[in-house]
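There is one chain below, alone, in structure tokens, taken in the form predicted alone.
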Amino acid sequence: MNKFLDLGAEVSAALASGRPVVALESTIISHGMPYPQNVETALRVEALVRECGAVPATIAILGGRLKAGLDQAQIEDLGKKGRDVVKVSRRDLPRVVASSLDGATTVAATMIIAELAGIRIFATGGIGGVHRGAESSFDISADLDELAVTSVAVVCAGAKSILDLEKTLEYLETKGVPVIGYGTSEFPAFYNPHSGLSLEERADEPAAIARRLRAKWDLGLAGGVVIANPVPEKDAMPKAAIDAAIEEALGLAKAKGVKGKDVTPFLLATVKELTGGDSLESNIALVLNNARLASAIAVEYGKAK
């Protein structure tokens, strides 16, 4: 056990007894949604994971300690502090730990802490990826490189559609990261199930995904897997509407000079405003959908073991 890592009591007991555990990130609490929807959503996701037969492990950094498994008061505190909490990716971990700060973990940092804790399955909204215009800005999320080296499966609704999805898939292929479509042969576009980008791998049952994960890691092939789970059609945003909102948000970000780790939160918040809150509702629905699938995969992964 890493000396900087603390397991919540429920998570510790589950791991010790071999029960399925699902990791959950905290950036979605502090930076992804406004209060109180962020806390309400985090607690709903945890409750859903339990209903599906797994144990939730919300991951964050509190007072410089890596935490796998938060209690309700800790989740509430992260939600209220919002963007005052440091957004933590791989490069930020040493500084936040050494300075005894609080941190909300991105996909990359959550994967690192989940692997340290021995948790293999992680549910989130959408992964980061290659930003539009990356050929000149070189803005590529650290999530993609983390997926190449850290052995955690990430259940998501694809990459956030504010990104360049085609380049994101190309980057994942270059890094040797499998992308498995759940019930689809098309890479989902976060708010909408359809991107027009084909996937080579598809699985229609959680057990099939669990077997592929077991085979990958038993072969000694380190690194993660993207499990692309489309947002249900009933919760999806119309493609034309979301595309128009994203284009306008990108223009505003450029005009305001928004850069680096501030880009994604800015774009998501702006898209929410431009869609009258509809994108937030879609975001919440897809997170719950991903937690449901991740729990089913975690249960089957335990059986495959």
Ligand code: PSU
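Worth saying up front: this structure is predicted, and the values here are computed from it rather than measured. Just count from 1 along the sequence shown to find any residue number.
Beyond what is shown, the protein has a form predicted in complex with this ligand; the following relates to that form.
*Asks:* Hey, in the model of the complex, does Thr58 get a heavy atom within 4.5 angstroms of this ligand?
*Replies:* Result no; Thr58 lies far from this ligand in the model of the complex.
*Asks:* Is Ile28 part of the interface with this ligand in the model of the complex - any heavy atom within 4.5 Å?
*Replies:* It does: once this ligand is placed as it appears in the model of the complex, Ile28 has a heavy atom within 4.5 Å of it.
*Asks:* Considering only heavy atoms, tell me if Thr106 and this ligand come within 4.5 Å of each other in the model of the complex.
*Replies:* Flag for Thr106 set to yes.
*Asks:* Determine whether any heavy atom of Ser141 comes within 4.5 Å of a heavy atom of this ligand in the model of the complex, and answer yes or no.
*Replies:* Ser141 belongs to the contact set for this ligand.
*Asks:* Heavy atom within 4.5 Å of this ligand in the model of the complex: which of Ala54, Ile242, Ala68, Leu268 fits that? Just give me the one.
*Replies:* Selected option: Leu268.
*Asks:* Which of 196-204, 123-131, 226-234, 211-219 has heavy atoms within 4.5 Å of this ligand in the model of the complex?
*Replies:* Result of the contact check: 123-131.
*Asks:* Can you list, in sequence order, the residues from 74-90 that come within 4.5 Å of this ligand in the model of the complex, counting heavy atoms only?
*Replies:* Contacts from 74-90: just Lys87.
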